[in-house]
Structures are given as structure tokens and as C-alpha cells.
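What follows is one chain in C-alpha cells, specifically the form predicted alone.
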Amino acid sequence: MSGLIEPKVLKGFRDFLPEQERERAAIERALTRAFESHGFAPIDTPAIEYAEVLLGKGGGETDKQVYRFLDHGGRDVALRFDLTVPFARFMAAHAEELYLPFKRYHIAKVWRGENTQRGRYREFTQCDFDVVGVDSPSADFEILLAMHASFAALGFERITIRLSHRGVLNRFLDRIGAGGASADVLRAIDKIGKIGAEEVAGILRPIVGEREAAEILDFIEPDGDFESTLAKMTRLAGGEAEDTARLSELRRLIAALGLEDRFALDPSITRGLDYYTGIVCETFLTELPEIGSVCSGGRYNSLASLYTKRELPGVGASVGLDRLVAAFAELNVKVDAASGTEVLVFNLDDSLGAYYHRVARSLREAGLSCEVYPERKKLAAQFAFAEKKGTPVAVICGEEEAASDTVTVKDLRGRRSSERLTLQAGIEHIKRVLDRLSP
């Protein structure tokens, strides 16, 4: 047949087969439970926004990655490149309808036209959580705790959450005369984990000068433990201030909960986006540091000022779902995903369709996931279908079973059958089979 369209997918975009999507859904469920346990509420925003809404404070490199176009009405629109900027617009629009402080989570797709690499795509899912309406150490710590809880919920105990404070860096840059180039400097520093100190120095020298570049590299080098690093940052930034006091209080809270081994003060953590104003943080897996940060964020007290005169200070973080999936695959970690269809009701006779569907409804009411094979076919074909789909149990009913209101249950993995069971006995038997099969 001529004229067929090749079923291809754009570079950086993907299809997900059922097993992959179940794994992603299981991760999302675990994260949702963690977010809900900390009092975060779900929201959603449009995938497409006016370009001026999204690009007002993204930063030069981000602007180049945005999918931007004119819609059919000639409006200048763009696909969201993260969930934070749309959230700032959301808060400006709905602040009067919400309670403050407001804690939200949002799990959704975003789009960036960037170069693809392992764990990074042009269409990907972010899992964001934020506290808006308050600027306090407790709110900052709540985000750090939610980050820790999210990875604990996924079975990742061996993590390090690295944090710093934009205010300390800004004071240091002002002191060495590089404050005017702070946006370019922080974006250069943000690359250090990927390209190393020498490459970053090469980027910094034309921007701030050779001596200043060397001083910046010294500043961003951690000095042993949290306390020593904080003392060094404080000295190089010109002394104590609100920003160093905030870091000191966070250290106290971390120690109070016995989480010192999960957190580290690292002045090289800057985050590349312009809108961060306070703490910034990134999360690394101890067993897979080369995959990069799998959860990052910080405080952004001025972002909503693009859309409202009302002060709406915020702090939040974002889990990169696709990097997590890549990490699970790399570490050969299996997610406790739902198995899909647990029971397949075989179709031996199209005239018994009503009976098959009544049986299926009873199974579902008992908490079992099931489906009816939609047409009469040879048993071999229906067994092959169940095997390919991974369905562990079959219910087989012919004319005699329907007449006696009974079922035959077959354990497809153990190859064992139990015949002529009442429907209730069949349900109990199916549950025992599934219990045996569960890990």
C-alpha cells in the first residue's frame, strides 16, 4: 500500500509502553503520597501560556529552549518549560481564592528544545512542590524534608541534598566587584558538575577577569563539613547577614532531626535560573552521582512580582521523573508497580457475554482488576493473550458453569485449575493465588 505515513516520533519525545507507564505511574503515586503527607495540595495549569507570561523571567538560555509559536488566532504563545513560572502566574491570579501560606504539588509534562542526553528529553515530566506566602526557615526546611521524604518513599535512602544560598553568593560577588555580572557568573558555576572547574574558569575569565575568576572558584569550593563551609562563606561574603543566619538555622533544624548525613552545604550549588533569591538545593544519588541532580529548587521571593504587586514569597523544588526512571534502570531497581489486569475472563461462547460481564463486575467489586476477552477464539489464542499481557489468573466458564452459576479458576503461572467453584469461592481462591504470586 502506497502513501503510508512513517510512524516516527520527534527527537527528544517518546512513547511509553504499558510496563514503562506503570513504572512511571507507580513513582508518581509514591511521590503523591509523600507530598500529601506533608500537606501539599494538587493543582494544574495549562500546557500553553501567553509567551509574555512564560518568558518574563526565564533567563537567556531558557528563552532559547522554549517552544514558541503563533496560534490560529495570531496570539504569541509558548509551551511551559517548567512548572514554577506558570505557578507564579497561577498564584497572582488566584491568591484571593486561596489560603496562605499555600502548599501545592503539580505533576505534569513540560517542554524544552534542548540537546537530548541520558535522562534528559525535550518532553519530560516534572513533579513540583512549593510553599508560597511565607519566607521563613521553617518553610525552607519543609521543602528540604519533603525532598528527603520523596526519595525515602521511592526506596532511595542513600542521597545527598546539597544546598547553598543565593544571597551569600551575591554579597561575595558584590565584594569582589563582579556583582554586575552575577547572572552570567551563576550560570557558569551551575555547569561545574558537568564540565569541571577548569572549564568554568575559562568561561568566567572573560566575564569577570582572571583574579576574580580564581576567587569565585575558591568561594564555591566546600571546606569540609557544614560548619566549616558556612564559616568560610560568611568570611568571604563580608560577615554575618540574614542569608548566613538562614543557613545556620537550617543546619540546626537538620541536626535536630538527625539528618546530618543527608545534607551538605555546597556553595557551588547556584541553580541556573534567574528567579531564585534565597536557598538553592540539588539532590544526588550516592550510588549514581554521574546522572546529575534528580531533584532541585530553591527560594524565589520575587517571581510573582511579574504578575502582581502583592508580595508572594515562595520556596519549592522539582523532582525530575525521567531522571529517576533512568536511575532505576541503571541501578536495576524494580518499582512496586501495579500489575495491570489480574484476571482474564475467557470467552468460550459469544452467547454467554452477559454472564461473563456479570462475573467480571463481581470480581471488580471484590477489588480485583479484570477484563473479559472480547470475542470467542480458540483457547490457545486466549492463553497466549493472557501470557503476553502478564495476566496471572483466568476464569473459564462454558454453558455448564453458566447454568450452575459456577466458575473454573486457572492459575496461569502454576498451571493449576480449580473447577466448578461458586463465584464467591472463586473470588477467594483468586485472592489466595494472587497472594502466593506477590513478592
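So that the term is clear: the rigid core is the largest set of C-alpha atoms that superpose within 1.5 Å between two forms. Residue numbers run from 1 along the displayed sequence. It should be emphasised that the depicted structure is a prediction, and the values quoted were computed from it without experimental measurement.
The discussion below concerns the form predicted together with another copy of the chain, not included here.
Answer option from 323, 166, 122, 162, heavy atom within 4.5 Å of another copy of the chain in the model of the complex
In short, 122.
Name the residue from 152, 214, 203, 92 that puts a heavy atom within 4.5 Å of another copy of the chain in the model of the complex.
Of the listed residues, the single hit is 92.
Taking 4.5 angstroms as the heavy atom distance cut-off, pick the stretch from 205 to 213, 268 to 276, 169 to 177, 304 to 312 that is near another copy of the chain in the model of the complex.
This holds for exactly one stretch, 304 to 312.
Mark residue 187 yes when one of its heavy atoms lies within 4.5 Å of a heavy atom of another copy of the chain in the model of the complex, and no otherwise.
Close contact is absent here: in the model of the complex, residue 187 is far from another copy of the chain, nothing within 4.5 Å, heavy atoms only.
Any non-hydrogen atom of residue 329 within 4.5 angstroms of another copy of the chain in the model of the complex:
No, no contact at 4.5 Å.
Consider residue 30 of the chain shown here, and say whether it contacts another copy of the chain in the model of the complex, taking contact as heavy atoms within 4.5 Å.
It does not: once another copy of the chain is placed as it appears in the model of the complex, residue 30 has no heavy atom within 4.5 Å of it.
Examine residue 375 and determine whether its closest non-hydrogen atom to another copy of the chain in the model of the complex is within 4.5 angstroms.
Yes, residue 375 sits close enough to another copy of the chain in the model of the complex that at least one of its heavy atoms falls within 4.5 Å.
Answer yes or no: in the model of the complex, does another copy of the chain come within 4.5 Å of a heavy atom in every one of 103, 256 and 351?
Yes, because 103, 256 and 351 each have a heavy atom that approaches another copy of the chain to within 4.5 Å in the model of the complex.
Output the sequence-ordered list of residues from 220 to 238 with at least one heavy atom within 4.5 Å of another copy of the chain in the model of the complex.
Heavy-atom contacts within 4.5 Å come from no residue here.
Is the shift of residue 143 between this form and the one not shown large enough to count as movement, that is, does its C-alpha move by 2 Å or more after the core is superposed?
Moves: no, less than 2 Å.
Following rigid core alignment, is the displacement of the residue 306 C-alpha between this form and the one not shown equal to or greater than 2 angstroms?
Yes, shifts by 2 Å or more.
How about residue 296 - superposed on the rigid core, does its CA move between this form and the one not shown by 2 Å or more?
No.
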